[in-house]
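Okay, here we've got a single chain as structure tokens, the form predicted on its own, with questions on binding and movement later.
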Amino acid sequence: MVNGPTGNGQVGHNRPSLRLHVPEPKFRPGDDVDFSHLAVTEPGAQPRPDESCEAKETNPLATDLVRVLGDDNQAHGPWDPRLGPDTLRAMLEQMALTRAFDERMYRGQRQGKTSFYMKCTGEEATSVAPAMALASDDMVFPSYRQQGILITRGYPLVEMINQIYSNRGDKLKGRQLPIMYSSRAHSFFTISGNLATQTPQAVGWAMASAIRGDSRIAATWLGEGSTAEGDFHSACIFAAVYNAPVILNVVNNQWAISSFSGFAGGERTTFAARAVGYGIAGLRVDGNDPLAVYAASQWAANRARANGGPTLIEHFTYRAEGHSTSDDPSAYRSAQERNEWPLGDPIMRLKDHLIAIGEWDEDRQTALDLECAEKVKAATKEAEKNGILGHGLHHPFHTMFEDVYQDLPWHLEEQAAQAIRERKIKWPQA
């Protein structure tokens, strides 16, 4: 029998000691911020392969950065989607409305009207632009920061607020955490708080669409931190093996709650580069450039619809605020990061582009922001008629026993009756 290795790894031994690497962000609270280490490529410098190309032809783009809008606020290069002014203004409006919605819901949470909220400040382009590039009936499997998709698809703001407040108007009957929406009519799959579970579901739905000979594709979103979950990798292998018509959107906003992207593998390579290992198309896109995001999403959608298979898109962006209302980002990152982020703000960049091409101005932007704020305010007041957190205006108690069985089993009927009796004894006014 061969003897095992000897030595204790101590100083003086003829082999070096092993050392564990623990990722560490470059900036911590109080640090000066310098993003010069980021390779921000020139807008328009990236080639645009044909949508029917072999997946390997996109490999260089998985480590590059597809950009369209330049410092001159003009669109450059082959990825320019050449959208008309009306479409650009519609995109700007949807992003502005999403931000206005976030601002008011954040204040509502701070006022105790709901227990929880998550903003997408600085990431609006990663949901609004793809929603506009996809067909309205393409199935989307979002994570918890894609409220812009629902807003762009015309889901009533009042219904979104009802869900956030879990009031008697909530179509989900208070069974989901705030912001975990669902709308079958808008092809918007129920959001789950369990990270990355939506990715294999999206791939499975896309496979089923292909089996049926349908024309609809699927798209899913998750954060870069969630790519460390096994569900994501299972989704990638199934998508690759069965050539599923699906778009896998990885929103790399640099931070997964309080853990920076290095803990998900971001120190070693890009997240789009994971596509290379699975043999699927991969694109890395400036996530704060709405035109680049739209172009990449349209490219991937056309490819999937033509049976070209899946595409993994990394949206390189930045989470400008906390992970949620339960998070204080000043505890783990420098306060300077938001202002120093080299790719700017997506709403500002699209506004400046429209102004540069003579299709917008600052006064119209001010008017748009006011209009969006008033629209959200009116929807909020309407939703509040159905109740807010702790005011007792919620769905009838017995609804907790509904929507699971077509015919309620006898033992649950007994439990429901008993629960209702006990509640009436404790709260006669009910």
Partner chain sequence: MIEDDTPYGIGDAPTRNLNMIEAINDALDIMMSRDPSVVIMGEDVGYFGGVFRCTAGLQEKYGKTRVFDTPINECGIIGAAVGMGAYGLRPVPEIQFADYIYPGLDQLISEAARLRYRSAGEFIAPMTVRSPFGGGIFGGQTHSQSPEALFTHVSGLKTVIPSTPHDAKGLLIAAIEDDDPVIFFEPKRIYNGPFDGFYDKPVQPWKKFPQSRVPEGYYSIPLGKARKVRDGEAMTILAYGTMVHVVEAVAKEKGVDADILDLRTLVPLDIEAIEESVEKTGRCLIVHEATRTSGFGAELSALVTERCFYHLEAPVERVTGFDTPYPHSLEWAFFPGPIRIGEAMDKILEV
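Residue numbers count along the first chain shown, from 1. These numbers were taken from a predicted model, which means no experiment stands behind them. We call the rigid core whatever largest set of C-alpha positions still superposes within 1.5 Å between the two forms.
We do not show the form predicted in complex with the partner chain, though everything after this point is about it.
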Q.
Counting any heavy atom within 4.5 Å as contact, can you tell me which stretch out of 261-269, 106-114, 183-191, 347-355 lines the partner chain in the predicted bound form?
A. 183-191
Q: Answer yes if any heavy atom of Asp80 is within 4.5 Å of a heavy atom of the partner chain in the predicted bound form; otherwise answer no.
A: no
**Q.** the partner chain contact in the predicted bound form: Asp231, any heavy atom under 4.5 Å
**A.** yes
Q) Arg216: heavy atom within 4.5 Å of the partner chain in the predicted bound form? A) yes
Q.
Residue-level question: is Met400 within 4.5 Å of the partner chain in the predicted bound form, judged on heavy atoms?
A. yes
Q: Heavy atom within 4.5 Å of the partner chain in the predicted bound form: which of Trp255, Trp341, Tyr242, Trp360 fits that? Just give me the one.
A: Tyr242
Q) Of these, Ser324, Ser209, Gln298, Ser334, which has a heavy atom no more than 4.5 Å from the partner chain in the predicted bound form? A) Ser209
Q: Can you tell me which bits of 85-111 touch the partner chain in the predicted bound form, meaning any heavy atom within 4.5 Å?
A: none
Q) Ala39: with the rigid core matched between the shown form and the other one, does its Cα shift 2 Å or more? A) no
(Q) For Glu24, does the CA position differ by 2 Å or more between the shown form and the other one when the superposition is done on the rigid core? (A) no
